[in-house]
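Presented as structure tokens, the chain that follows is alone, the form predicted alone.
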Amino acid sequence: MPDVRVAINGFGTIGKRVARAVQAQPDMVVSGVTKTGPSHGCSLAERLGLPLYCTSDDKSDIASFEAGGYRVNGGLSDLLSKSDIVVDCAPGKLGASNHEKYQQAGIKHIFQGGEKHNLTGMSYTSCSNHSENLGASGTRVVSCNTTGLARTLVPLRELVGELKVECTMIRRAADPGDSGRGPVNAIKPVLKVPSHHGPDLMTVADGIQITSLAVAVPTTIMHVHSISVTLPEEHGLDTNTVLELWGNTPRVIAMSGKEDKIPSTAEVMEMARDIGRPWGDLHEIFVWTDGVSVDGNTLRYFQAIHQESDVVPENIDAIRALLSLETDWRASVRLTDQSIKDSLV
């Protein structure tokens, strides 16, 4: 079977990472990436050997790339015509117009968590609803925070049944490369209660009743979740069994803040750099083992989310789901993760 041709519409924070992950897969190839105009991102595409296209079909916009010294292969329509599926990594507020373009082109499409669930009527996380997305025309990979919640809560729900969850999210103010956002010297509560993350999780995971609050703090490193889970009365869990469960869960890392000397998100990100991933990414959700406690029917824990990268492998698995390349989510995850690991050797 020939490699799946994957278009990446938007070659920014998420797009460049998804492109690298697609390049690592044995069953996929990047058919092209788009930029709005000439910029340093175009040079990165060239270095990675990725065909470059313009997000617009306007001839003057396309010509601006040549004027900037970059070889461009055409506009978005040209890219879609040479692709089997498109991963939309465009900035927010472009979802509706891009969705219309994809439908007109008759191409399967994947959006990111910045778009609303009702844009496609489908959302995706590998551990929650891979099978429901098989063969779908389009879906949305949920946000980094929702992905993180699914990774640790869905295995619990599968083991003990329905959960009631309260989550407080300490959110980074901006990505490291985003100089236009704050707060700088403030702690800013998100005054929409509940925050959108809890309801977002319920678009992909039944049996988890969750309420979430969020507060933005002046850091660019990671998000941290403080989570309290009400378990069923007869749950049969203790702290060790919970840690054992997560130890067998794909894309979850559990380590001790004290014994492993990883007391904060700074050390978590240093560990990610030590792994050698591009951009120092951490695709996994990080749980502090010494912050996990089961007390009666209440489970409490902290987890950290690398906002720039945890959704990246999810996009790869979503491609396989929409194209019905792999029906078993665990098999897709193993292939995705091992291929990314092998590409770094």
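In this text, all values refer to a predicted model and were calculated from it rather than measured experimentally. We number the residues from 1 along the sequence you see.
What comes next is about the form predicted in complex with a small molecule, which is not displayed.
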Checklist outcome for this item: For the small molecule in the predicted complex, the stretch among 34 to 42, 272 to 280, 316 to 324, 290 to 298 with residues bearing a heavy atom within 4.5 Å is 34 to 42
Checklist entry - Considering the small molecule in the predicted complex, which of V242, A150, L79, C89 comes within 4.5 Å of it through any heavy atom? => result C89
Item to check | Contacting member of A173, L94, I208, M169, with respect to the small molecule in the predicted complex [4.5 Å, heavy atom] | outcome: L94
Item to check | Any non-hydrogen atom of S64 within 4.5 angstroms of the small molecule in the predicted complex | outcome: no
Next on the checklist: Given that the small molecule is not shown alongside this chain, does S128 nevertheless sit within 4.5 Å of it in the predicted complex, heavy atom to heavy atom?
Outcome noted: no
Checklist entry - Is there any non-hydrogen atom of V22 lying within 4.5 Å of the small molecule in the predicted complex? => result no
Checklist entry - Does Q307 reach the small molecule in the predicted complex, with heavy atoms at most 4.5 Å apart? => result yes
